[in-house]
Ligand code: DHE
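Just the one chain here, the form predicted on its own, laid out as structure tokens.
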Amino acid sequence: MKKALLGVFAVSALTVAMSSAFAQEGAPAMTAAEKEQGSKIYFERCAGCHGVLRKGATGKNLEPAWKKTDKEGKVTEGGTLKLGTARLEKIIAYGTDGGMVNYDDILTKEEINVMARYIQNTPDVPPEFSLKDMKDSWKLVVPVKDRPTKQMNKINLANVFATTLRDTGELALIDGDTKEIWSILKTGYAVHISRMSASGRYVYTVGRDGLVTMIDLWYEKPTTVASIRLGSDARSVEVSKFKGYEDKYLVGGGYWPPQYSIMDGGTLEPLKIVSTRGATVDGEYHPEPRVASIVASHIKPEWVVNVKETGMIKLVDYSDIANLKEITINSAKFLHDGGWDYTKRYFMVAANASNKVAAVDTKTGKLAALVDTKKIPHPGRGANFIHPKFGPVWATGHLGDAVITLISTPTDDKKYAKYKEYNWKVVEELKTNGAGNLFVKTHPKSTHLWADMPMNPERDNAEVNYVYDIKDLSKPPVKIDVAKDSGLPVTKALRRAVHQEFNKDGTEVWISLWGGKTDQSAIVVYDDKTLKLKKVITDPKMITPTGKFNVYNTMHDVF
């Protein structure tokens, strides 16, 4: 089993590891082929929200049977067995108001039935992954000494977009000036994020199969110079950015096993693994505390490492990794994604199933605030702008509610001193047309706030963006019909308009129109000032595009 994990993509590895799940007493019978099919679909579509062990986080607990006791001693029981196959089929097919997407246009009726039965069976625990396993997976394709000493192409690298082609396990690098696909490279399956080196030369990707790739943009054609596996499931990577440590290290966060790994930033040689297993903020042991978002501090040689299930925020000092120091900050459970505030002193992270946003002060190393929000905040990296009434605010959308939450953030800038009374308060909730938002985005040079709703089950919401006027938020948002503007034919399955990303100059907004594997997809580009269509980037090779990361904006945390 372990050897299989080391030698294949984790989509296959977790299928092997999980397909041997023994039958839960009373659970529907399944053939070996059905279990293998169910484990593959679960890894690709479900594990991110519900966990490999199905204990839940952003999504509900999907264990066959569970029992929990609240603070008053009241015992609650539940589980997928209690719901039964017919009820589970409806939930999977039609989604929920809490933010789960409908799968009736993604999975067949037969696949939905397989999944309804599969999650009533007990999951196996996948294999662990050690430093030796990392070393065995490490491939240094091109040593540093053999790489170019200068840029060998004429591409404006600062305006390149690293674009995930989710279901093909590829990354498309698109020239932001010409809007032509520069190159498509093999990466891990369903790349979750791309991060840039401090110099802007290298792109680091991490896939949901745990594979990290390091791509050198200085070649005439982008070239993968190193790769390594963090485990069988991962979501985040980040370089060291503080002065004197630029690109010295890369850190990667594991979903399985639950741990973070430190590598050499130039070669990806594995250096250290740190487990995140332990007690939650409630004092209960959790076997699967996954590492969600990681960012590099701008004021110290530290990474902010957010541990999902425990609700612990770790400030990891990378100045001496042999004698690693961590500051552990209690916040709230189910930490997910987030971004810097206006000043880049405070990191704002959604504790989404707790319906809170945590703010950590990276200068003092303490929790600055826990802000209550509507259901399931999901900011991406969030959006910073100057509110006409409340000063600097940071915005998050919600998977589980029809609002965009604006939170006042502090600053030492004297011209904003009059807004201090609002700090760490929800100052406004902008109404949206429904739940299912994944990303909100603006730019320092923009007067617009863009919001998507790709997880909403209604076509009229999933295929559009809503754009708010920052100067006058009392105006209703402008509806941008991304699917219609693409010119692509209407299909039974939704094409979800997702992940708005500005170009380097803040003049354009790029939106992924994410279709199925067999449907043509596109990147749709708009003029941010006029909100008019500017360009549709489509190609037979443009398959299931999702996240897009502009090199300059990602390097400098512009959002």
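Numbers for residues come from their place in the sequence shown, where the first is 1. Only a predicted model underlies this, so the values are computations on that prediction, with no experimental measurement involved.
FYI, the form predicted together with the named molecule isn't displayed, but the following is about it.
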| property | result |
| --- | --- |
| Stretch in contact in the model of the complex with the named molecule, which is absent here, among 139 to 147, 188 to 196, 478 to 486, 279 to 287 (heavy atoms within 4.5 Å) | 188 to 196 |
| Single option in 465, 409, 205, 293 placed near the named molecule in the model of the complex, where near means a heavy atom within 4.5 Å | 293 |
| Residue (of 30, 65, 53, 49) lying close to the named molecule in the model of the complex, criterion heavy atoms within 4.5 Å | 49 |
| Interface membership of residue 461, the named molecule in the model of the complex, 4.5 Å heavy atom rule | no |
| Interface membership of residue 495, the named molecule in the model of the complex, 4.5 Å heavy atom rule | no |
| Any non-hydrogen atom of residue 438 within 4.5 angstroms of the named molecule in the model of the complex | yes |
| Distance check, residue 166 to the named molecule in the model of the complex, heavy atom within 4.5 Å | yes |
| In the model of the complex, residues of 205 to 242 near the named molecule [heavy atom within 4.5 Å] | 208, 235, 236 |
